[in-house]
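The form predicted alone is given below as one chain in structure tokens.
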Amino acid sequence: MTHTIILPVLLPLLTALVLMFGSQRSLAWKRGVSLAATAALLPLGLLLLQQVYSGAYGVYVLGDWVAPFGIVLVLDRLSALMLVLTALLSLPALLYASHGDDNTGPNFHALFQFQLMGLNGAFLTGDLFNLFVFFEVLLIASYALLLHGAGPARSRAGLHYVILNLVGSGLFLLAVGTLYGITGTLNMADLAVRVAAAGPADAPLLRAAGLLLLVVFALKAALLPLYFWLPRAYSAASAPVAALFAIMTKVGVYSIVRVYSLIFGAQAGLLADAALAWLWPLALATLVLGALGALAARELRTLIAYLVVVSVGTLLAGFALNNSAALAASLYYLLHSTLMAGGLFLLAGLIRTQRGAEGDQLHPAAPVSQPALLGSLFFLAAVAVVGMPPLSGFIGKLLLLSSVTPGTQWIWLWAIVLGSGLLALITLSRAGSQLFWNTLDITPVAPRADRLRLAGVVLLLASAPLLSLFAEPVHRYTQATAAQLYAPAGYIHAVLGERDIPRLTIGLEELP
């Protein structure tokens, strides 16, 4: 298992280099290489998931430098889950892109692979500085992918996106510099030990650095009040790029869950649960304003982008509840929301193409060329996103609502989650009516969708019934993942080995 861990980073990196050196080769060659490499990530991710299914940890130490002095990659249940999710999302998006969206620039496929490298690296790294490095890799690739095809709308959205993320990168460096100055390490397992042992003199600066990291991750995740860049950027991107971007916010969510359960979790002494007091109200506010933004949207792509914001609020509200059942429900909902958002962005691309000049504007226009097929796919997606039974959105929300005990949090969570679901129902019903029913009485002029693009849409939207069909084993896995996250002693022991480290426990199993 040791060398297998680095392959999700190494494979897209090498593929990107091959594609760059072969930039003068035919587009068909580039598509073949890129699709083959991306397809290989799925069985690789499943293999890694199988290896940690029982709760084992995989640690890859680059250059054989013993942690915490060297670069380390760590595989556990959560990182394996995110690797599989990335592979499941990226392959249909690339299939869709490989029928026209990749021909407006010579390096689309190389950029796509660099993006996958950054995503997989962020999920595997066990070091905060290397998390910053992988953030930069995926962000630089995303800047170019967002602007791919040019156009004034993409240029404006790209400028805002770049500026905000450059600010975020500066804050990230400031936070990790502060942590390193106080603790002398950026290895996450070692940081967990040192933060837990911090005295009153160091605690205020460590808390400030921890909250600064929260700001950075909240920007990546699109948490209120730092989500305003997302609707413009995602709605301006091409359909397959927007679909891949559906997991970009989840990198921010992943980072929050990882850092604030491992380093600033319940075992962190004076800094225990440093972020939870901020996360709960911000997550609920993000959920509300995301739903209102979707209701006010006048384009289908903008509507979907706000639904991504809603999903972020829902996920972080689950984490802020600070119990294993809620986190397990959030992880199940993360799978559902990411794949459905990706499928909706691809479907919006088909609808835009078939409506001609009106694109995805939510007002009467020419009918689409395949109203029955696209309308059925939209209906499936809408039912899943709203959270109506029996699809995965309903199961995810039900698990989350069932995880909170009666009290103030119960009232707020039930009211806001159900209220946002009602707004989503109204929003998507209105959008579906405008797109498929309230059309002009003219003959469709656009061609029918090709099979590759339809395959990409169907593969992603099929996740809703499949996650429902396999809800029990998937939820069992997310329960085990949540339990592992709330027992950080195992992660620390796997990375640091037999060093003399304090016993860390939160009521589960202590180190031997």
Partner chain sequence: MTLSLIIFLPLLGALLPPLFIRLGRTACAWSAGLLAGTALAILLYHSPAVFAGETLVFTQPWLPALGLNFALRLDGLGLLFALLILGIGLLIILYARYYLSEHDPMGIVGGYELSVVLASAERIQAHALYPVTLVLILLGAFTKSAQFPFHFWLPHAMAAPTPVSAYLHSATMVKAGVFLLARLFPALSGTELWFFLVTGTGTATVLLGAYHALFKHDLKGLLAYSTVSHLGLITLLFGIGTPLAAVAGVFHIINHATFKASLFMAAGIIDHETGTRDMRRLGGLWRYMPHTATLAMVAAASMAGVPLFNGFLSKEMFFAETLHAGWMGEWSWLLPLLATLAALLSVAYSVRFIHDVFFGTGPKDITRTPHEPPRYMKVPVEVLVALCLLVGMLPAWTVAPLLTAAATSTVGAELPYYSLAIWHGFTLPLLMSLIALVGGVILYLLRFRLFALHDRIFPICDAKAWFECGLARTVDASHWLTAWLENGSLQRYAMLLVASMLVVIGTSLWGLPLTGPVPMDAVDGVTLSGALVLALSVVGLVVSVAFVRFSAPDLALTQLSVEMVTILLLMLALYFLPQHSPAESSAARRWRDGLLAGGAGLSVAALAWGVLTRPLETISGYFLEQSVPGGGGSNVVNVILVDFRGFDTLGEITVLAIAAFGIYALLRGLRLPSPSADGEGRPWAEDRHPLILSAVSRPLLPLALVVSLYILLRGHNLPGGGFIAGLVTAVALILQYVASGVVWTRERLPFDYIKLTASGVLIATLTGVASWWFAHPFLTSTFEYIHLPLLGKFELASAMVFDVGVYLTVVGSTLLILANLGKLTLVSQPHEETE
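Fair warning: this is a prediction, and the values are worked out from it, not measured in the lab. Residue numbers count along the first chain shown, from 1.
Absent from the display: the form predicted together with the partner chain. The rest refers to it.
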Checklist entry - Do His160 and the partner chain share at least one heavy atom pair within 4.5 Å in the predicted bound form? => result yes
Checklist entry - Are any of the heavy atoms in Gly70 no more than 4.5 Å from a heavy atom of the partner chain in the predicted bound form? => result yes
Item to check | 4.5 Å heavy atom contact, Phe114 and the partner chain in the predicted bound form | outcome: yes
Item to check | Any non-hydrogen atom of Val61 within 4.5 angstroms of the partner chain in the predicted bound form | outcome: yes
Checklist entry - Should the three residues Ile6, Ile140 and Val215 be counted as contacting the partner chain in the predicted bound form, with contact defined as a heavy atom within 4.5 Å for each? => result yes
Next on the checklist: At 4.5 Å between heavy atoms, only one of the stretches 243-251, 80-88, 132-140, 351-359 reaches the partner chain in the predicted bound form; which one is it?
Outcome noted: 132-140
Next on the checklist: Using a 4.5 Å heavy atom cut-off, which residue among Pro364, Gly181, Gly100, Pro281 comes into contact with the partner chain in the predicted bound form?
Outcome noted: Gly181
Next on the checklist: Can you work out which of Leu226, Ala198, Ala382, Ala266 has a heavy atom no more than 4.5 Å from the partner chain in the predicted bound form?
Outcome noted: Leu226
Checklist outcome for this item: Applying a 4.5 angstroms cut-off on non-hydrogen atoms, the residues of 193-214 near the partner chain in the predicted bound form are Arg194, Ala201, Asp202, Pro204, Leu205, Arg207, Ala208, Leu211, Leu212
